[in-house]
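Take a look at this one chain, the form predicted alone, written out in structure tokens.
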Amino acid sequence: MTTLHIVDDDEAIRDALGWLFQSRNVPVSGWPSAEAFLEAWRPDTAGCLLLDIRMEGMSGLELFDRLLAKGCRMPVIFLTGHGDVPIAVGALKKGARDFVEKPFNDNELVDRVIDALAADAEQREREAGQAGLAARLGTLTQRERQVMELVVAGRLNKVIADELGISMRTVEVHRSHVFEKMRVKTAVELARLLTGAS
């Protein structure tokens, strides 16, 4: 499981939330300010951000805006006071995952965070798979790509040879290289792999 990052300038709340999530086996990292988290944040920082809207210095909303500008896609859940609900709704429209109004139900908050952590892990896994596929596609020569496209379109080797003006044996060699580079054994597997990527 990835990490929950709690950003709250109130040490007592940060500690209480840390204890709550650790009691449910959720890894936690506490941050005393938006500035501290922003300084430590990297594009590969995984997990979920539990963010208090109102803090001394940089507000939670300002941190959220700065992270968005940096391309952060980590799920963000805002903790809000009663008067902050309109602000939180605005954050949802910008892409925040959720907001929880204080006082909150402990179990409901933990469940929302666990769902957000799972969503982040799934998204990162999907992105890694797409990056791996893109890397494999990048190893294909132009002719191998042409053969691959025709194989996926369901054309037989003889038809591919005629369309590309090459011998059937050359098509078989290119087809074999495509399957090897794409790490598949059949045209059906190749089609599934490419369909899943789009």
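Given the structure is predicted, the values throughout are model-derived calculations rather than measurements. Position 1 is the first residue in the sequence shown; the rest follow in order.
Missing here is the form predicted together with the DNA; even so, the following discussion is about that form.
Considering the DNA in the predicted bound form, the lone stretch of 125-133, 61-69, 168-176, 43-51 in range is 168-176 [heavy atom distance within 4.5 Å]. Proximity of S33 to the DNA in the predicted bound form: non-hydrogen atoms within 4.5 Å are absent; the residue sits far from the partner. At least one heavy atom of L156 is located within 4.5 Å of the DNA in the predicted bound form.
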